[in-house]
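Given as structure tokens, the chain that follows is alone and in the form predicted on its own.
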């Protein structure tokens, strides 16, 4: 399977810069997700890998072969689309066999390959049915089987699970991940759903406004976001942000302070050369702190605003008094067994090892 290299790739549509100077690689057999909101450039990048678009500038390589001007039919790729793109008048068998018939393979060989791939996807009992006679999840498996039966070197997914219900999406996430791992096909998966990217991909390319803002493993993206966009986009609920903090030293330790609030920063903060020590944004994830009923050191006073019970978990929405009298809304996962009253005064205790600081102007991480 080829390694994909995208080097200084840009794609412009008139004055619109859909993708702007993006570089990344996909290793042989790796599963990479392109993640970001609508209009960020991820699908444009995928369609350029497929050969449907040509780069305005930059290069696309499969191994060492430059692919910029290679037509799609010579790239040995398969695509799985959001809307399945099945032929309604054909049976499941005929839909899956279609790319093999186009290669003019023998009837016996076509039947053998179709049976092999449909057994892996557990749709071998549906071969005589039409697409409208099977469920959405089964239709997606048919589309996947049609892509796999060609034995492609590269598999491209364009938001393939968007049309499925939540339960089916979770099942298909696991199935696609296992199948890709077993087959070892180099795969690129476009999605706006961070849960899909985090659970399926070995590495994630986070896009925003046509630029690649961070590329790394799910753990790196989650625990070491490079900027506030990534910190807010990854995680559910997203990271909490509190504004206008100062960095101050006390007894050899560094603290983030605002008014009466003093929160200890992680030891790595001592290694940072702070160009700015005031007006900073403090960030922490809902699961990286605790709630206390009594005031303790390194805590932030707050009032209970609303409760969101999720069965196993309870999200407590808290109001913290901000600068100028305005309140900031903070979301925290409560520990099991804790009960709260609306407007009750509590104290947030962030984990110092998990705190983040951001520059409010560049929105880049400081730690």
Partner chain sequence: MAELRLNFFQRNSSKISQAVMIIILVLITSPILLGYAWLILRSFSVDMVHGFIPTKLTLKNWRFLWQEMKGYPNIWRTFLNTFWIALWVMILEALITSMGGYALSRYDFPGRTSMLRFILVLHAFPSISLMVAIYYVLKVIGLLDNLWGIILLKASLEIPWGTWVMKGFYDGIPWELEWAGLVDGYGRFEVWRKIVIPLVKPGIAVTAIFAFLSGWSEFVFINTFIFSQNAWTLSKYVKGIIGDFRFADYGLLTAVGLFYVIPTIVFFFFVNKYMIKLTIGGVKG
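Predicted model, so just to flag it, every value in this text is computed and none were measured. In this text, rigid core is short for the largest set of C-alphas that superpose within 1.5 Å between two forms. Positions refer to the first chain, counted from 1.
Keep in mind that the form predicted in complex with the partner chain is not shown, yet the notes after this line are about it.
Visitor: Thinking of 247, 349 and 354 as the candidate spot, does the partner chain come within 4.5 Å of a heavy atom on all of them in the predicted complex?
Guide: No, none of 247, 349 and 354 comes within 4.5 Å of the partner chain in the predicted complex.
Visitor: Within 4.5 Å, heavy atoms only, one stretch in 83-91, 279-287, 186-194, 117-125 touches the partner chain in the predicted complex. Which?
Guide: Selected stretch: 83-91.
Visitor: Looking at 218, 99, 136, 237, which is the one with a non-hydrogen atom within 4.5 Å of the partner chain in the predicted complex?
Guide: Going through each option in turn, the one that passes is 99.
Visitor: Looking at 342, 66, 310, 52, which has any heavy atom no more than 4.5 Å from the partner chain in the predicted complex?
Guide: Result of the distance check: 52.
Visitor: At the 4.5 Å heavy atom threshold, is residue 180 in contact with the partner chain in the predicted complex?
Guide: The answer is no: residue 180 has no heavy atom within 4.5 Å of the partner chain.
Visitor: Does any heavy atom of residue 314 come within 4.5 Å of a heavy atom of the partner chain in the predicted complex?
Guide: Because no heavy atom of residue 314 falls inside 4.5 Å of the partner chain in the predicted complex, the answer is no.
Visitor: Contact between residue 70 and the partner chain in the predicted complex at 4.5 Å, heavy atoms?
Guide: Taking the distances in the predicted complex, the answer for residue 70 is no, it never comes within 4.5 Å of the partner chain.
Visitor: Can you work out whether residue 78 and the partner chain are in contact in the predicted complex, taking contact to mean some heavy atom pair no more than 4.5 Å apart?
Guide: Heavy-atom contact with the partner chain at 4.5 Å: present for residue 78.
Visitor: Does superposing the core leave residue 91 with a CA shift of 2 Å or more between the shown form and the other one?
Guide: Yes; residue 91 is a residue whose C-alpha shifts (by 2 Å or more) between the shown form and the other one when the cores are overlaid.
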